[in-house]
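Okay, so here's just one chain, in structure tokens, the form predicted alone.
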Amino acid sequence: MPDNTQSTLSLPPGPEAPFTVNTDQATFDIIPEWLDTYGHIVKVYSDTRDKSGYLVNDPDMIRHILIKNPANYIKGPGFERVKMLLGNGIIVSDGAFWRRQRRMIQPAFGKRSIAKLCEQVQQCNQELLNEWRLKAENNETFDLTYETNKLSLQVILRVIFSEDVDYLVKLHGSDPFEFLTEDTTRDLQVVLKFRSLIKLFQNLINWRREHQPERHDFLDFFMSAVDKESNETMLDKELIDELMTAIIAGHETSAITLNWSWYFLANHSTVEDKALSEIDAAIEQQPASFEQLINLKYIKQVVSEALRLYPPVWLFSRTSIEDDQIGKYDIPAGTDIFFSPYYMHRHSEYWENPETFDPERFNVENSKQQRNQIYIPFSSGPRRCIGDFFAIVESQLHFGMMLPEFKMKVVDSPSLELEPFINLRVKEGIRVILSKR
């Protein structure tokens, strides 16, 4: 490989003016301009990080980084803010510690474990279904974005803490998690509020150790997890960091996914009719079984297509540990790498009619033919989101319960302007009205 000097390295083209890539509006706006001007790999010099970064929008190059040589790439810029919020949980940790945590947590997200949690998810959706029946009877217009946010928070809290959510509310004197739906910013004040819950979580962990209640939830899985290599359990700080990570990651991404899935179903009657027919054929009575839910394949296609168009995490980053090469370009050690599922999923070179909502892209036949595409709403490779299976099952259960009851109409979506921060959200909630079927 060439010596690491600017004169001998083969570097990609890019703008002369320095620019710091971040999860912000300026970066979101300029990426398509760079891709049009410079192609699928762009070199950008940061004026604040004092180093170069590459924006990569080529499927083979991304596969190299995420799948073929992932050991050479650690979490990149932008995770500092996430670490302030979540501690050193599985999203931000790296190296041997990350591998240990992944080994310990992985069984909690397997099929058998998720099946046990379905009852908690169904309970949350039943409560929402009862509320939505009243809204439909009263012809009430409401904020879909807020409702899916509220539901997703309740779901993730129940699958983490089960009935002990009520214990936490009692300990705190009020709902300690309410601010996560009422305040959608993720500024320093929200970080401080969230980190203030550490003592609350510690009290619950201590209470469970003392009383040994029978629970089937993520906290129970995490507390009993033992690393097969070291025979160690998690320290309390490690345990709490993973709880906080699960709350934020599992809440916001699911809320965004349900929000867009409903929006597309409401605006595509043919897709809605096909989804409804699948549910009617698969589920004879509620509550549906776990096996019935995971066999709602067309619902999964609808959700997958919503994730293609609006991936909750719109920008990923990595940093190279050692020198590497992708395509004809060199990657010096310490280079920041950025790639955007949002723009990758909408590129006409990789997707036919990329701006069109079409769940048939994800049927079995089309999926087998997707050779030149890369679909990464959950990232890919060893660092693929550990909760991806749960996120899909959660959506299948939600629509399996709600779609046979309600027809949704969007009544006010003036611009659907996006907020491209840590997660990709709409600036203003989507207002809808329901009617009973």
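Sequential numbering from 1, following the sequence displayed. What you are looking at is a predicted structure, and each value in this text was computed from that prediction instead of being measured.
Although not depicted, the form predicted in complex with a small molecule is the subject of the following passage.
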| query | finding |
| --- | --- |
| Proximity to the small molecule in the predicted complex (heavy atom, within 4.5 Å), stretch among 72-80, 161-169, 131-139, 263-271 | 72-80 |
| 4.5 Å heavy atom contact, residue 312 to the small molecule in the predicted complex | yes |
| Exercise: residue 390 in contact with the small molecule in the predicted complex, heavy atom 4.5 Å | yes |
| Any non-hydrogen atom of residue 408 within 4.5 angstroms of the small molecule in the predicted complex | no |
| Residue 318: touches the small molecule in the predicted complex, heavy atom cutoff 4.5 angstroms | yes |
| Candidate spot 116, 121 and 304, all three touching the small molecule in the predicted complex (heavy atom, 4.5 Å) | no |
| Selected contact from 288, 276, 108, 90, since only one has a non-hydrogen atom within 4.5 angstroms of the small molecule in the predicted complex | 90 |
| Residue (of 102, 347, 297, 193) lying close to the small molecule in the predicted complex, criterion heavy atoms within 4.5 Å | 102 |
